[in-house]
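For this one, two forms of the same chain are given in C-alpha coordinates, first as structure 1 and then as structure 2.
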Structure 1
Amino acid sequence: MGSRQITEKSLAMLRSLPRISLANLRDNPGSRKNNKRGRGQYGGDKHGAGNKGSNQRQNYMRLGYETGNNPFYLRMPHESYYKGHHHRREYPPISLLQLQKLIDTDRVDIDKPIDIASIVKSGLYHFFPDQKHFGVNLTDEGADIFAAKINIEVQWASEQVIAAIEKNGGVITTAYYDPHSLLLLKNPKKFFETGQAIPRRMIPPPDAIEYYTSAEMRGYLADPEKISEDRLRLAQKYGYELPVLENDSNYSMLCERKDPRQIFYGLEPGWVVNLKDKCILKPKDEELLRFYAS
(Lines of atoms letter the chains of each structure in order from A and count residues from 1; the text may use other names and numbers.)
(Lines give C-alpha, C1' and ligand atoms only; values in the text may rest on other atoms or scores of the structure.)
Protein backbone atom coordinates (compact mmCIF):
# COMPACT_ATOMS: atom_id res chain seq x y z
CA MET A 1 0.00 0.00 0.00
CA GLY A 2 1.47 3.35 -1.04
CA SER A 3 1.87 6.37 1.16
CA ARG A 4 -0.98 8.13 -0.70
CA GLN A 5 -3.40 5.32 0.04
CA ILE A 6 -2.34 5.31 3.72
CA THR A 7 -2.97 9.05 3.92
CA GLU A 8 -6.43 8.78 2.32
CA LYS A 9 -7.38 5.87 4.59
CA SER A 10 -6.29 7.85 7.67
CA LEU A 11 -8.29 10.92 6.56
CA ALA A 12 -11.36 8.76 5.95
CA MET A 13 -11.01 7.24 9.40
CA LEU A 14 -10.76 10.70 11.00
CA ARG A 15 -13.93 11.82 9.16
CA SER A 16 -15.87 8.86 10.55
CA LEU A 17 -14.63 9.19 14.15
CA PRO A 18 -16.26 11.69 16.61
CA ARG A 19 -14.48 14.92 17.40
CA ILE A 20 -12.10 14.89 20.38
CA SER A 21 -13.57 16.48 23.53
CA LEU A 22 -13.31 16.22 27.33
CA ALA A 23 -16.21 13.77 27.23
CA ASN A 24 -14.37 11.10 25.24
CA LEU A 25 -10.81 11.46 26.51
CA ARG A 26 -9.54 8.36 28.30
CA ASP A 27 -6.28 7.35 29.93
CA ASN A 28 -4.13 4.76 28.26
CA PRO A 29 -4.78 1.26 29.58
CA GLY A 30 -2.61 0.52 32.61
CA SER A 31 -1.48 4.14 33.09
CA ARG A 32 -3.27 4.49 36.47
CA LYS A 33 -2.45 2.29 39.42
CA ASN A 34 -4.35 1.81 42.70
CA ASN A 35 -1.77 2.04 45.46
CA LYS A 36 -4.21 1.39 48.31
CA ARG A 37 -2.83 -1.15 50.75
CA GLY A 38 -5.57 -1.54 53.34
CA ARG A 39 -4.75 -0.31 56.86
CA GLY A 40 -1.14 0.30 55.89
CA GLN A 41 -2.04 2.44 52.91
CA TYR A 42 0.16 5.35 53.99
CA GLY A 43 3.26 3.23 54.40
CA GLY A 44 3.11 2.89 58.18
CA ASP A 45 3.32 -0.29 60.22
CA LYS A 46 1.49 0.87 63.36
CA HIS A 47 -2.04 0.39 62.01
CA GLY A 48 -3.16 3.85 63.08
CA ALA A 49 -2.10 3.40 66.71
CA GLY A 50 0.80 5.85 66.71
CA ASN A 51 4.32 5.34 67.98
CA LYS A 52 4.49 5.68 71.77
CA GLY A 53 2.41 6.33 74.86
CA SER A 54 -1.39 6.31 75.06
CA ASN A 55 -1.95 6.23 71.30
CA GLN A 56 0.05 3.03 70.96
CA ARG A 57 -1.68 1.35 73.91
CA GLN A 58 -5.14 2.79 73.22
CA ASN A 59 -5.21 3.88 76.87
CA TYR A 60 -6.38 7.46 76.60
CA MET A 61 -5.98 9.99 79.39
CA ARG A 62 -8.94 10.98 81.53
CA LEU A 63 -11.07 14.04 80.77
CA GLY A 64 -9.45 17.29 81.83
CA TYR A 65 -5.96 15.79 82.16
CA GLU A 66 -3.02 17.78 80.85
CA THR A 67 0.30 16.25 79.94
CA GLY A 68 3.32 17.34 81.93
CA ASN A 69 3.92 17.58 85.64
CA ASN A 70 1.85 20.70 86.35
CA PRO A 71 -1.80 20.68 85.27
CA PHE A 72 -3.60 24.01 85.18
CA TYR A 73 -5.30 23.61 88.57
CA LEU A 74 -1.86 23.21 90.19
CA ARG A 75 -0.25 26.04 88.23
CA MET A 76 -2.91 28.43 89.60
CA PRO A 77 -3.50 27.22 93.18
CA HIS A 78 -5.14 30.51 94.21
CA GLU A 79 -8.17 29.56 92.09
CA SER A 80 -10.07 27.30 94.49
CA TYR A 81 -12.62 26.54 91.77
CA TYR A 82 -10.14 24.28 90.01
CA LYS A 83 -9.53 22.04 93.02
CA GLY A 84 -10.94 18.57 92.40
CA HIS A 85 -12.65 19.68 89.19
CA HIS A 86 -12.37 16.23 87.61
CA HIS A 87 -14.31 14.65 90.49
CA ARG A 88 -17.29 17.01 90.33
CA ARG A 89 -20.71 15.91 89.22
CA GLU A 90 -22.07 17.52 86.05
CA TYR A 91 -25.73 18.09 85.20
CA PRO A 92 -26.38 18.75 81.48
CA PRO A 93 -28.99 21.52 81.30
CA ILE A 94 -32.42 21.63 79.75
CA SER A 95 -34.47 24.83 80.03
CA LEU A 96 -38.15 25.34 80.79
CA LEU A 97 -38.46 26.73 77.25
CA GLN A 98 -37.13 23.48 75.76
CA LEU A 99 -39.35 21.46 78.08
CA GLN A 100 -42.39 23.45 76.95
CA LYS A 101 -41.49 22.71 73.32
CA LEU A 102 -41.26 19.00 74.10
CA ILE A 103 -44.70 19.15 75.69
CA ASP A 104 -46.24 21.18 72.83
CA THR A 105 -44.90 18.72 70.23
CA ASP A 106 -46.19 15.69 72.21
CA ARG A 107 -42.71 14.34 72.82
CA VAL A 108 -43.42 14.29 76.57
CA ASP A 109 -46.70 13.08 78.08
CA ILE A 110 -47.81 15.39 80.91
CA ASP A 111 -50.57 12.98 82.00
CA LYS A 112 -47.84 10.83 83.57
CA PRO A 113 -44.98 11.71 85.92
CA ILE A 114 -41.92 12.95 84.04
CA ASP A 115 -38.44 11.75 84.93
CA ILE A 116 -35.09 11.59 83.17
CA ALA A 117 -36.18 8.48 81.24
CA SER A 118 -39.14 10.40 79.74
CA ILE A 119 -36.92 13.33 78.75
CA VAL A 120 -34.28 11.09 77.15
CA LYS A 121 -37.01 9.18 75.29
CA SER A 122 -37.93 12.42 73.49
CA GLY A 123 -34.65 12.11 71.55
CA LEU A 124 -33.70 15.76 72.11
CA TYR A 125 -31.78 15.45 75.36
CA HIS A 126 -28.50 13.60 75.71
CA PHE A 127 -26.32 12.85 78.69
CA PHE A 128 -23.43 10.47 79.32
CA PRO A 129 -23.16 8.86 82.78
CA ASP A 130 -19.67 7.55 81.99
CA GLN A 131 -18.51 11.18 81.69
CA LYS A 132 -19.67 12.18 85.19
CA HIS A 133 -23.10 13.35 84.02
CA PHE A 134 -25.52 12.86 86.89
CA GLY A 135 -28.82 13.85 85.32
CA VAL A 136 -30.97 16.84 84.41
CA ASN A 137 -30.36 20.44 85.42
CA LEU A 138 -33.63 22.29 84.76
CA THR A 139 -32.81 25.96 84.08
CA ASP A 140 -35.10 29.00 84.28
CA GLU A 141 -34.89 30.13 80.64
CA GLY A 142 -38.50 30.53 79.49
CA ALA A 143 -39.91 30.58 83.04
CA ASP A 144 -42.24 33.47 82.12
CA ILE A 145 -43.94 31.49 79.31
CA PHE A 146 -43.98 28.05 80.89
CA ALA A 147 -47.64 27.02 81.24
CA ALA A 148 -47.76 23.24 81.71
CA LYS A 149 -49.01 21.50 84.85
CA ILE A 150 -46.62 18.62 85.38
CA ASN A 151 -45.18 16.25 87.95
CA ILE A 152 -41.47 16.25 87.15
CA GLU A 153 -38.41 14.73 88.77
CA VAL A 154 -35.01 16.25 87.99
CA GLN A 155 -31.59 16.14 89.58
CA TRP A 156 -30.93 19.87 89.96
CA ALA A 157 -33.17 22.96 89.91
CA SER A 158 -33.09 26.56 91.09
CA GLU A 159 -35.67 28.45 93.14
CA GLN A 160 -36.97 30.28 90.05
CA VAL A 161 -37.62 26.96 88.28
CA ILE A 162 -39.47 25.55 91.31
CA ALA A 163 -41.64 28.67 91.50
CA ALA A 164 -42.46 28.57 87.75
CA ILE A 165 -43.67 24.95 87.98
CA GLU A 166 -45.63 25.29 91.24
CA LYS A 167 -47.29 28.48 90.01
CA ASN A 168 -49.05 26.40 87.31
CA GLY A 169 -50.20 23.81 89.84
CA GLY A 170 -47.37 21.40 89.11
CA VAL A 171 -44.99 19.50 91.36
CA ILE A 172 -41.21 19.19 91.15
CA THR A 173 -38.84 16.84 92.97
CA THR A 174 -35.06 16.72 92.95
CA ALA A 175 -33.69 13.18 93.22
CA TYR A 176 -30.25 11.60 93.14
CA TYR A 177 -29.31 8.66 90.88
CA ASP A 178 -26.03 6.81 90.97
CA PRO A 179 -24.19 6.30 87.63
CA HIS A 180 -25.36 2.69 87.24
CA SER A 181 -29.01 3.71 87.72
CA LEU A 182 -28.57 6.49 85.15
CA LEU A 183 -27.24 4.00 82.60
CA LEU A 184 -30.43 1.96 83.10
CA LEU A 185 -32.63 5.04 82.70
CA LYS A 186 -30.80 6.11 79.56
CA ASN A 187 -31.53 2.84 77.75
CA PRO A 188 -34.05 0.68 79.69
CA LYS A 189 -34.70 -1.69 76.80
CA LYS A 190 -31.04 -2.65 76.55
CA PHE A 191 -30.98 -3.48 80.25
CA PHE A 192 -34.25 -5.45 80.19
CA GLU A 193 -32.91 -7.58 77.32
CA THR A 194 -30.10 -8.82 79.58
CA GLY A 195 -32.65 -10.54 81.85
CA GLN A 196 -31.16 -9.11 85.04
CA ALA A 197 -33.15 -8.07 88.09
CA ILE A 198 -33.70 -4.34 88.55
CA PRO A 199 -31.16 -3.15 91.14
CA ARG A 200 -31.75 -0.74 94.01
CA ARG A 201 -30.94 2.92 93.61
CA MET A 202 -28.01 4.00 95.77
CA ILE A 203 -28.30 6.73 98.40
CA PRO A 204 -26.63 10.13 97.77
CA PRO A 205 -22.95 10.60 98.70
CA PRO A 206 -22.17 12.67 101.84
CA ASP A 207 -21.61 15.92 99.91
CA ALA A 208 -25.05 15.68 98.27
CA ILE A 209 -27.14 14.61 101.27
CA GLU A 210 -27.82 18.19 102.35
CA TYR A 211 -29.23 19.16 98.95
CA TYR A 212 -31.52 16.15 98.55
CA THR A 213 -32.87 16.41 102.12
CA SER A 214 -33.66 20.11 101.72
CA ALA A 215 -37.34 21.10 101.54
CA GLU A 216 -36.37 24.36 99.79
CA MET A 217 -34.81 22.36 96.94
CA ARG A 218 -37.76 19.89 96.97
CA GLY A 219 -35.41 17.01 97.77
CA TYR A 220 -36.85 13.53 97.54
CA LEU A 221 -35.58 12.76 101.06
CA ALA A 222 -37.10 15.91 102.62
CA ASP A 223 -39.96 15.98 105.13
CA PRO A 224 -43.29 16.30 103.21
CA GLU A 225 -44.70 18.68 105.83
CA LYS A 226 -41.74 21.02 105.45
CA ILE A 227 -42.16 20.89 101.67
CA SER A 228 -45.81 21.99 102.03
CA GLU A 229 -44.74 24.90 104.24
CA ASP A 230 -42.02 25.93 101.79
CA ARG A 231 -44.45 25.78 98.85
CA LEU A 232 -46.57 28.42 100.61
CA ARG A 233 -43.52 30.50 101.52
CA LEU A 234 -42.29 30.49 97.91
CA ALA A 235 -45.72 31.54 96.62
CA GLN A 236 -45.74 34.50 99.01
CA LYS A 237 -42.20 35.44 98.01
CA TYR A 238 -42.93 35.49 94.25
CA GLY A 239 -46.48 36.84 94.58
CA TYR A 240 -48.67 34.13 93.06
CA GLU A 241 -51.61 32.19 94.42
CA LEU A 242 -50.66 28.61 95.20
CA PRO A 243 -53.12 26.15 93.60
CA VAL A 244 -54.64 23.58 95.94
CA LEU A 245 -53.45 20.15 94.83
CA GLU A 246 -56.24 18.31 96.67
CA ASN A 247 -58.85 19.96 94.43
CA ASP A 248 -57.09 19.00 91.19
CA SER A 249 -58.57 16.27 88.99
CA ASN A 250 -55.06 14.82 88.49
CA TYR A 251 -54.26 14.77 92.20
CA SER A 252 -53.21 11.10 92.22
CA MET A 253 -50.78 11.66 89.32
CA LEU A 254 -49.33 14.82 90.86
CA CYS A 255 -48.71 13.02 94.16
CA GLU A 256 -47.01 10.00 92.62
CA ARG A 257 -43.43 9.57 93.82
CA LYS A 258 -40.71 6.98 93.44
CA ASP A 259 -39.40 5.12 96.43
CA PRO A 260 -35.87 6.31 97.37
CA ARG A 261 -34.57 2.91 96.19
CA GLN A 262 -36.72 2.76 93.05
CA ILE A 263 -35.36 3.50 89.56
CA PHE A 264 -38.36 3.11 87.20
CA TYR A 265 -41.95 4.21 87.72
CA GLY A 266 -44.14 1.16 88.28
CA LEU A 267 -41.23 -1.28 88.61
CA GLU A 268 -39.80 -2.32 91.95
CA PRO A 269 -36.18 -3.36 92.66
CA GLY A 270 -35.75 -7.10 92.26
CA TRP A 271 -38.29 -7.49 89.46
CA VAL A 272 -37.22 -8.99 86.13
CA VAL A 273 -38.84 -7.63 82.95
CA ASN A 274 -39.22 -10.35 80.30
CA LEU A 275 -39.60 -8.56 76.97
CA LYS A 276 -39.94 -11.79 74.98
CA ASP A 277 -42.93 -13.13 76.90
CA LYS A 278 -44.10 -9.61 77.87
CA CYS A 279 -44.35 -10.38 81.54
CA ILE A 280 -42.76 -9.36 84.85
CA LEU A 281 -41.14 -11.87 87.19
CA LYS A 282 -41.26 -10.97 90.89
CA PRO A 283 -39.11 -12.55 93.62
CA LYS A 284 -40.84 -14.70 96.23
CA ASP A 285 -37.89 -15.78 98.35
CA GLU A 286 -37.93 -14.03 101.73
CA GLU A 287 -34.19 -13.36 101.65
CA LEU A 288 -34.50 -11.60 98.27
CA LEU A 289 -37.49 -9.63 99.49
CA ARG A 290 -35.50 -8.40 102.49
CA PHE A 291 -32.52 -7.56 100.28
CA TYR A 292 -34.52 -5.45 97.81
CA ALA A 293 -36.73 -3.83 100.47
CA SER A 294 -36.25 -0.09 100.86
Structure 2
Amino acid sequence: MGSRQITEKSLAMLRSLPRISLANLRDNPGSRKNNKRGRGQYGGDKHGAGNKGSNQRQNYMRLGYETGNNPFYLRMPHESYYKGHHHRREYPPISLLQLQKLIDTDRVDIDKPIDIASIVKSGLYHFFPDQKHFGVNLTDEGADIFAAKINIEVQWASEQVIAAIEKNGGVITTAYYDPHSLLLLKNPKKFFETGQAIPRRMIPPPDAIEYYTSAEMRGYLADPEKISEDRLRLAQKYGYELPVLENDSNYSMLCERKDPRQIFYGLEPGWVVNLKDKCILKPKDEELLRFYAS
Protein backbone atom coordinates (compact mmCIF):
# COMPACT_ATOMS: atom_id res chain seq x y z
CA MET A 1 0.00 0.00 0.00
CA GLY A 2 2.53 2.62 -1.02
CA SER A 3 3.85 4.82 1.72
CA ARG A 4 2.18 4.82 5.08
CA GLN A 5 2.51 8.53 5.69
CA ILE A 6 -0.84 9.85 6.85
CA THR A 7 -1.16 13.17 5.04
CA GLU A 8 0.74 12.16 1.93
CA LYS A 9 -1.27 8.94 1.66
CA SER A 10 -4.62 10.67 1.89
CA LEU A 11 -3.63 13.39 -0.57
CA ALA A 12 -2.34 10.73 -2.97
CA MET A 13 -5.59 8.79 -2.62
CA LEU A 14 -7.49 11.93 -3.56
CA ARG A 15 -5.67 12.09 -6.88
CA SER A 16 -7.32 8.85 -7.99
CA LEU A 17 -10.70 9.50 -6.44
CA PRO A 18 -13.48 11.61 -7.93
CA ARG A 19 -13.47 15.32 -7.27
CA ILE A 20 -14.70 16.25 -3.77
CA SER A 21 -17.93 18.11 -4.30
CA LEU A 22 -21.05 18.93 -2.36
CA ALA A 23 -22.58 15.68 -3.66
CA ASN A 24 -20.11 13.26 -2.13
CA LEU A 25 -19.60 14.59 1.37
CA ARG A 26 -20.36 12.46 4.36
CA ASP A 27 -19.81 12.61 8.09
CA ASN A 28 -17.90 9.87 9.91
CA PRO A 29 -19.92 6.65 10.20
CA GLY A 30 -21.51 6.44 13.61
CA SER A 31 -21.19 10.14 14.40
CA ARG A 32 -24.86 10.89 13.77
CA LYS A 33 -27.65 9.06 15.45
CA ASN A 34 -31.19 9.56 14.22
CA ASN A 35 -33.61 10.72 16.86
CA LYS A 36 -36.19 8.09 17.65
CA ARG A 37 -39.75 9.22 17.35
CA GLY A 38 -41.67 8.01 20.36
CA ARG A 39 -44.60 6.20 18.76
CA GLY A 40 -46.25 3.12 20.13
CA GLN A 41 -43.99 0.53 21.69
CA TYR A 42 -40.85 2.32 20.41
CA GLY A 43 -40.28 4.92 23.09
CA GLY A 44 -43.98 5.83 23.07
CA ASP A 45 -46.87 5.27 25.53
CA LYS A 46 -45.49 6.98 28.67
CA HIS A 47 -42.42 8.39 26.78
CA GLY A 48 -39.93 7.37 29.50
CA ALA A 49 -41.70 9.31 32.28
CA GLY A 50 -42.89 6.35 34.38
CA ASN A 51 -46.16 6.16 36.24
CA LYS A 52 -47.98 8.90 38.18
CA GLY A 53 -46.17 11.01 40.74
CA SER A 54 -44.07 14.12 40.19
CA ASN A 55 -41.85 12.23 37.74
CA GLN A 56 -44.64 11.85 35.24
CA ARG A 57 -46.45 15.05 36.14
CA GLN A 58 -43.21 17.12 36.25
CA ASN A 59 -44.30 19.02 39.35
CA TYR A 60 -41.27 18.43 41.54
CA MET A 61 -40.60 19.92 44.91
CA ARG A 62 -37.80 22.49 45.21
CA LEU A 63 -34.23 21.22 44.93
CA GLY A 64 -32.82 20.05 48.25
CA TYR A 65 -36.20 19.59 49.91
CA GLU A 66 -36.35 16.33 51.85
CA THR A 67 -40.10 16.07 52.37
CA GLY A 68 -40.12 17.89 55.65
CA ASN A 69 -37.09 16.81 57.64
CA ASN A 70 -34.21 19.22 58.07
CA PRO A 71 -32.49 19.13 54.68
CA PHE A 72 -28.77 18.48 54.26
CA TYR A 73 -28.01 21.95 53.01
CA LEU A 74 -29.51 23.53 56.14
CA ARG A 75 -28.13 21.12 58.72
CA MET A 76 -24.67 22.67 58.93
CA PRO A 77 -24.42 25.72 61.18
CA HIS A 78 -22.12 28.65 60.50
CA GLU A 79 -18.53 28.13 61.56
CA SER A 80 -16.68 31.12 62.87
CA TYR A 81 -13.39 30.26 61.23
CA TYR A 82 -14.57 31.05 57.74
CA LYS A 83 -16.34 34.27 58.60
CA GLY A 84 -15.66 36.89 55.98
CA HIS A 85 -13.86 34.44 53.65
CA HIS A 86 -15.59 35.94 50.66
CA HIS A 87 -14.23 39.37 51.56
CA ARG A 88 -10.61 38.29 51.72
CA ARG A 89 -8.19 39.21 48.95
CA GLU A 90 -7.03 36.47 46.58
CA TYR A 91 -3.75 36.29 44.72
CA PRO A 92 -3.84 33.72 41.87
CA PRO A 93 -0.52 31.90 41.88
CA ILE A 94 2.16 31.55 39.29
CA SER A 95 5.17 29.44 40.18
CA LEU A 96 8.82 30.21 39.55
CA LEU A 97 8.88 27.11 37.31
CA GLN A 98 6.09 28.52 35.16
CA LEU A 99 7.85 31.87 35.07
CA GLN A 100 11.05 30.16 33.96
CA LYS A 101 9.09 28.37 31.21
CA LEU A 102 7.71 31.72 30.02
CA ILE A 103 11.22 33.19 29.98
CA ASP A 104 12.65 30.18 28.14
CA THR A 105 9.97 30.28 25.47
CA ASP A 106 10.36 34.05 24.96
CA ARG A 107 6.86 34.89 26.13
CA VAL A 108 8.17 37.37 28.69
CA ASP A 109 10.95 39.83 27.92
CA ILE A 110 13.57 39.84 30.67
CA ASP A 111 15.46 42.81 29.23
CA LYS A 112 12.72 45.04 30.60
CA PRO A 113 11.19 45.12 34.11
CA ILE A 114 8.46 42.52 34.52
CA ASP A 115 5.18 43.46 36.11
CA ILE A 116 1.73 41.93 36.11
CA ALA A 117 0.94 43.50 32.72
CA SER A 118 3.87 41.69 31.06
CA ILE A 119 2.91 38.37 32.63
CA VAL A 120 -0.67 38.76 31.40
CA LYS A 121 0.61 39.85 27.97
CA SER A 122 2.23 36.42 27.53
CA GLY A 123 -1.29 35.05 27.28
CA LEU A 124 -0.61 32.18 29.67
CA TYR A 125 -1.67 33.78 32.96
CA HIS A 126 -5.15 35.01 33.73
CA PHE A 127 -6.64 36.77 36.69
CA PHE A 128 -9.98 38.47 37.23
CA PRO A 129 -9.95 41.68 39.31
CA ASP A 130 -13.73 41.64 39.60
CA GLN A 131 -13.48 38.33 41.45
CA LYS A 132 -11.42 39.82 44.29
CA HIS A 133 -8.13 38.85 42.65
CA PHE A 134 -5.59 41.39 43.80
CA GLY A 135 -2.61 40.35 41.72
CA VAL A 136 0.16 37.84 41.22
CA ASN A 137 1.32 35.44 43.92
CA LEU A 138 4.75 34.09 43.04
CA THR A 139 5.09 30.59 44.50
CA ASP A 140 8.28 28.73 45.26
CA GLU A 141 7.77 25.67 43.02
CA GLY A 142 10.90 25.68 40.89
CA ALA A 143 12.96 27.84 43.21
CA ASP A 144 15.89 25.42 42.90
CA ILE A 145 16.01 25.48 39.09
CA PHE A 146 15.24 29.16 38.62
CA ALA A 147 18.08 30.87 36.77
CA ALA A 148 17.12 34.23 35.34
CA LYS A 149 18.17 37.72 36.28
CA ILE A 150 14.97 39.73 36.29
CA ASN A 151 13.46 42.85 37.76
CA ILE A 152 10.03 41.62 38.77
CA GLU A 153 7.14 43.26 40.57
CA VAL A 154 4.49 41.00 42.08
CA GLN A 155 1.79 41.43 44.67
CA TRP A 156 2.69 38.58 47.03
CA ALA A 157 5.87 36.57 47.47
CA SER A 158 7.32 34.33 50.14
CA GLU A 159 10.83 34.36 51.53
CA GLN A 160 12.06 31.40 49.44
CA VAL A 161 10.90 33.12 46.26
CA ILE A 162 12.66 36.35 47.18
CA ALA A 163 15.81 34.41 47.96
CA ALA A 164 15.64 32.46 44.68
CA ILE A 165 15.33 35.63 42.62
CA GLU A 166 18.01 37.56 44.47
CA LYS A 167 20.37 34.59 44.30
CA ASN A 168 20.38 34.94 40.50
CA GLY A 169 21.17 38.64 40.71
CA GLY A 170 17.60 39.82 40.21
CA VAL A 171 15.38 42.26 42.01
CA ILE A 172 11.90 41.59 43.39
CA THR A 173 9.39 44.08 44.74
CA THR A 174 5.91 43.55 46.13
CA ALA A 175 3.48 46.31 45.25
CA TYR A 176 -0.19 46.91 45.84
CA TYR A 177 -2.67 47.71 43.06
CA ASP A 178 -6.27 48.56 43.71
CA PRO A 179 -8.88 46.69 41.64
CA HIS A 180 -9.40 49.54 39.18
CA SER A 181 -5.67 49.73 38.43
CA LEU A 182 -5.60 45.96 37.98
CA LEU A 183 -8.38 46.16 35.40
CA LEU A 184 -6.26 48.67 33.51
CA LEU A 185 -3.17 46.47 33.73
CA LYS A 186 -5.06 43.38 32.64
CA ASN A 187 -5.98 44.91 29.30
CA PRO A 188 -4.07 48.16 28.72
CA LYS A 189 -5.04 48.33 25.04
CA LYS A 190 -8.74 48.33 25.91
CA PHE A 191 -8.19 51.06 28.49
CA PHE A 192 -6.19 53.28 26.12
CA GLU A 193 -8.97 52.93 23.56
CA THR A 194 -11.52 54.35 26.00
CA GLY A 195 -9.68 57.68 25.92
CA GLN A 196 -9.64 58.16 29.67
CA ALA A 197 -6.75 59.69 31.59
CA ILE A 198 -4.51 57.25 33.42
CA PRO A 199 -5.63 57.40 37.06
CA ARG A 200 -3.46 57.30 40.16
CA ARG A 201 -2.86 54.06 41.95
CA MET A 202 -4.48 53.94 45.37
CA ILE A 203 -2.60 53.21 48.60
CA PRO A 204 -3.06 49.80 50.24
CA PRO A 205 -5.92 49.22 52.67
CA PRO A 206 -5.07 49.26 56.40
CA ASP A 207 -4.63 45.51 56.77
CA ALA A 208 -2.21 45.37 53.82
CA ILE A 209 -0.07 48.37 54.79
CA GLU A 210 2.04 46.30 57.15
CA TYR A 211 2.91 43.83 54.38
CA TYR A 212 3.81 46.45 51.82
CA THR A 213 5.91 48.53 54.22
CA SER A 214 7.95 45.56 55.45
CA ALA A 215 11.48 45.12 54.16
CA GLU A 216 11.33 41.31 54.60
CA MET A 217 8.64 41.14 51.95
CA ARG A 218 10.40 43.77 49.76
CA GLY A 219 7.36 46.02 49.97
CA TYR A 220 7.32 48.99 47.61
CA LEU A 221 6.77 51.36 50.52
CA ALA A 222 9.58 49.92 52.63
CA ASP A 223 12.82 51.60 53.58
CA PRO A 224 15.51 50.85 50.94
CA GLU A 225 18.19 50.67 53.63
CA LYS A 226 16.32 47.95 55.46
CA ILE A 227 15.78 46.10 52.17
CA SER A 228 19.52 45.92 51.51
CA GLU A 229 20.06 44.69 55.08
CA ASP A 230 17.45 42.00 54.51
CA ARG A 231 19.09 40.97 51.24
CA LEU A 232 22.21 40.20 53.23
CA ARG A 233 20.21 38.33 55.84
CA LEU A 234 18.58 36.12 53.21
CA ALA A 235 21.92 35.43 51.54
CA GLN A 236 23.29 34.25 54.84
CA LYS A 237 20.17 32.23 55.64
CA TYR A 238 19.99 30.38 52.33
CA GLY A 239 23.70 30.15 51.81
CA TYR A 240 24.48 31.95 48.58
CA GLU A 241 26.78 34.83 47.82
CA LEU A 242 24.87 38.06 47.45
CA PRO A 243 25.52 39.38 43.92
CA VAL A 244 26.64 42.99 43.75
CA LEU A 245 24.02 44.77 41.67
CA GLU A 246 26.10 47.90 41.04
CA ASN A 247 28.61 45.99 38.94
CA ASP A 248 25.89 44.57 36.75
CA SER A 249 25.56 45.78 33.16
CA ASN A 250 21.79 45.95 33.51
CA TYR A 251 21.96 47.97 36.70
CA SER A 252 19.75 50.81 35.43
CA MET A 253 17.09 48.36 34.28
CA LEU A 254 17.21 46.49 37.61
CA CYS A 255 16.79 49.75 39.46
CA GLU A 256 13.67 50.81 37.57
CA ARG A 257 10.87 51.06 40.04
CA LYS A 258 7.38 52.48 39.76
CA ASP A 259 6.23 55.44 41.78
CA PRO A 260 3.64 54.40 44.41
CA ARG A 261 1.01 56.36 42.45
CA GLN A 262 2.05 55.04 39.05
CA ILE A 263 0.25 52.23 37.28
CA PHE A 264 2.19 51.74 34.05
CA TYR A 265 5.93 51.85 33.60
CA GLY A 266 6.97 55.10 31.99
CA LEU A 267 3.46 56.59 31.84
CA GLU A 268 2.37 59.10 34.47
CA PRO A 269 -1.14 59.48 35.88
CA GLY A 270 -3.12 62.12 34.06
CA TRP A 271 -1.88 61.27 30.59
CA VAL A 272 -4.21 60.21 27.82
CA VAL A 273 -2.71 57.78 25.32
CA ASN A 274 -4.00 57.93 21.75
CA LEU A 275 -3.14 54.66 20.06
CA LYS A 276 -4.61 55.55 16.68
CA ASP A 277 -2.74 58.81 16.17
CA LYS A 278 0.31 57.65 18.13
CA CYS A 279 0.40 60.61 20.49
CA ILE A 280 0.04 61.29 24.20
CA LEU A 281 -2.06 64.11 25.67
CA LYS A 282 -0.45 65.53 28.79
CA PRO A 283 -2.25 67.98 31.09
CA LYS A 284 -0.80 71.45 31.50
CA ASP A 285 -3.31 72.86 33.95
CA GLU A 286 -1.90 73.49 37.41
CA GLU A 287 -4.93 72.07 39.19
CA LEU A 288 -4.73 68.84 37.25
CA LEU A 289 -1.00 68.54 37.68
CA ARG A 290 -1.38 69.07 41.42
CA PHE A 291 -4.12 66.47 41.61
CA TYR A 292 -2.25 63.83 39.68
CA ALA A 293 0.97 64.45 41.51
CA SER A 294 -0.65 64.08 44.92
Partner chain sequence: MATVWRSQYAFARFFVGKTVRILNNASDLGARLKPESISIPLSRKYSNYAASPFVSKIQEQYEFEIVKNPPEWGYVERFLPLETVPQIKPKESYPSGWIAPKEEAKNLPYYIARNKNHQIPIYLEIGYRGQRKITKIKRIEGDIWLMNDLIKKYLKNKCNRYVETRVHEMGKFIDVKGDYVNILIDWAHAQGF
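What we label the rigid core is the largest C-alpha set whose atoms superpose within 1.5 Å from one form to the other. Everything numeric in this text was worked out from a predicted model, so none of it was measured. Residue indices: 1-based, along structure 1.
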Have a look at both and say which one is the form predicted on its own. 1
If we fit on the core, is the Cα of residue 247 displaced 2 Å or more between the two structures? no
Aligning on the rigid core, do we see the C-alpha of residue 9 shift 2 angstroms or more between the two structures? yes
Given a core-based superposition, decide whether the C-alpha of residue 278 shifts by 2 Å or more between the two structures. no
In Å, how large is the C-alpha displacement of residue 23 between the two structures after the rigid core is aligned? 13.3
